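The chain below stands alone and is given as structure tokens, in the form predicted on its own.
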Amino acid sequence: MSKPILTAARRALAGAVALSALSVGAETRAEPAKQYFPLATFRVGAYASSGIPVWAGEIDYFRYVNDVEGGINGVKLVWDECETEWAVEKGVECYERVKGGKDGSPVPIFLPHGDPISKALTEKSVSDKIPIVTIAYGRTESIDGRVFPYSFPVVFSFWSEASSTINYIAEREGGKDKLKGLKIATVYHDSPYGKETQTPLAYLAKTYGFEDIQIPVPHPGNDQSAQWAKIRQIKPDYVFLRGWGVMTPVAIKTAAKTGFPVDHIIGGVWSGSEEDVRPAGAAAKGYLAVTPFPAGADFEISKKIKAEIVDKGKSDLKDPKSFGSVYYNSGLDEGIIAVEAIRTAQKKFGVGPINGEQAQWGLEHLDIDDARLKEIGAFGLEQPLKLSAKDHEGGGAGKIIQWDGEKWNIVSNGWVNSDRSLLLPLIYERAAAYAKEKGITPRADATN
């Protein structure tokens, strides 16, 4: 009787082993882990021409990471779009719709692609523990992560934009001492976005002795004859143009009519794209702008994306001439930063989908030095970034580009740094005032 019992036992064991093998095989064939990125886009509306190249750069980079690198340590990126038309209400609605994640993946980062939308989400992002990443826009005082733990105005805040512009003028004039006595007029979009640089410019004017002149332009800026008549009257040495949309080409063409030299106009980040200068035609030749994402397709990552994504028909780009444009490269930069933040978080929390709270840690410990930029292929395209709880910007530099009638060329001597040592104490004061107003207790453990 013992032999049949032994045989049955062996058969049961063999069956268990077979089932285990089938289970392992099923796990092997299971879909790999995915990381979800919702994209708030505006492919329709007044600003669609500006937005479309941005998504192309970002989506092309995501596809490159998936197809060439196999994802972020094997975790594939997935995304979808929610149309906002750059409207606050629709942007907030999109956020609410996607914040729960998708296909088992939480939302690690939300990219609002709109300054008003980002500000409307400041408090919601804290309660939901989802980082809001705004590259070259957003609430400047949210640089202080002790007060704004989930807001990240990464790379280049509006204050850094203003300061880098002033420092380039100093570089061009022969030193900061040469700023004294200059007249610098800011022609700005009459909105919270446009007014964002008034405080730092007033402080820098007091520090360096130049005259700070502020001239508002009502939205959308189709008629600027009165503003440029005033420019002709006061005769500033330089004009800092902080526009958006149609305001920029109208300003350039109106300046030409009034005889103001275009090579003494320096556009802000959102007045320095191909979409801003091409409509102005010949009048734009010589126009300058400050940007944290310089145009160009000769960066190593650009060459790789061209070969692996664009040339293989996988690109989101509809207009080939926009490859390597300012806005395309801004999306590329945004994609790089998002991916590197997830990669950093995976080092602490393990390889797999990262949630918002984990991504917040990843962002606050993001350290992209020159060596890493060279590994990515983004050296020269992106500046070195090192974030912390006290510094959610991490960069603070821009390059000055000039339009030659066909393309942008870099004319500054590398990255032009802002006066962060001067401005950060003011930013921290504003953050503290916000905390007091809202009854926020700054994070005591956020000392790095």
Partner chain sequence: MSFFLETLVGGLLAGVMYSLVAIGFVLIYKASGVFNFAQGSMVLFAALTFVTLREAHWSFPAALAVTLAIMVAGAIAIERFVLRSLVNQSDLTLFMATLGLSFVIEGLGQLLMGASVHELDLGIDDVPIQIGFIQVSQFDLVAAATAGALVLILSIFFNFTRTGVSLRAIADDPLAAQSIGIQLPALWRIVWGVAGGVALVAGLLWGARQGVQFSLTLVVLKALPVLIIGGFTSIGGAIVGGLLIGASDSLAEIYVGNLLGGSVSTWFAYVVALVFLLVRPAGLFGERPIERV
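Just so it is clear, the structure is predicted and the values come from calculations on it, not from any experiment. Positions refer to the first chain, counted from 1.
One more form of this protein should be noted, the form predicted together with its partner chain, which is absent from this view; the next part is about it.
*Asks:* Specify the contacting stretch among 386 to 394, 417 to 425, 64 to 72, 43 to 51, defined as having any heavy atom within 4.5 Å of its partner chain in the model of the complex.
*Replies:* Selected range: 43 to 51.
*Asks:* Report the residue, out of 227, 186, 358, 315, that has at least one non-hydrogen atom within 4.5 angstroms of its partner chain in the model of the complex.
*Replies:* Only one listed residue qualifies here, and that residue is 227.
*Asks:* Can you pick the one in 263, 237, 190, 173 that has a heavy atom within 4.5 Å of its partner chain in the model of the complex?
*Replies:* For this set of options, the contacting one is 190.
*Asks:* Decide whether residue 320 counts as a contact residue for its partner chain in the model of the complex under a heavy atom distance cut-off of 4.5 Å.
*Replies:* Because no heavy atom of residue 320 falls inside 4.5 Å of its partner chain in the model of the complex, the answer is no.
*Asks:* Answer yes if any heavy atom of residue 222 is within 4.5 Å of a heavy atom of its partner chain in the model of the complex; otherwise answer no.
*Replies:* Yes, residue 222 is a contact residue.
*Asks:* Is residue 107 near its partner chain? Define near as a heavy atom within 4.5 Å, in the model of the complex.
*Replies:* Contact with its partner chain, no.
*Asks:* Find out whether any non-hydrogen atom of residue 256 is located within 4.5 angstroms of its partner chain in the model of the complex, and reply yes or no.
*Replies:* Answer yes; at least one heavy atom of residue 256 falls within 4.5 Å of its partner chain in the model of the complex.
*Asks:* With its partner chain taken in the model of the complex, which residues across 369 to 402 come within 4.5 angstroms through any non-hydrogen atom?
*Replies:* Residues within 4.5 Å: none in this stretch.
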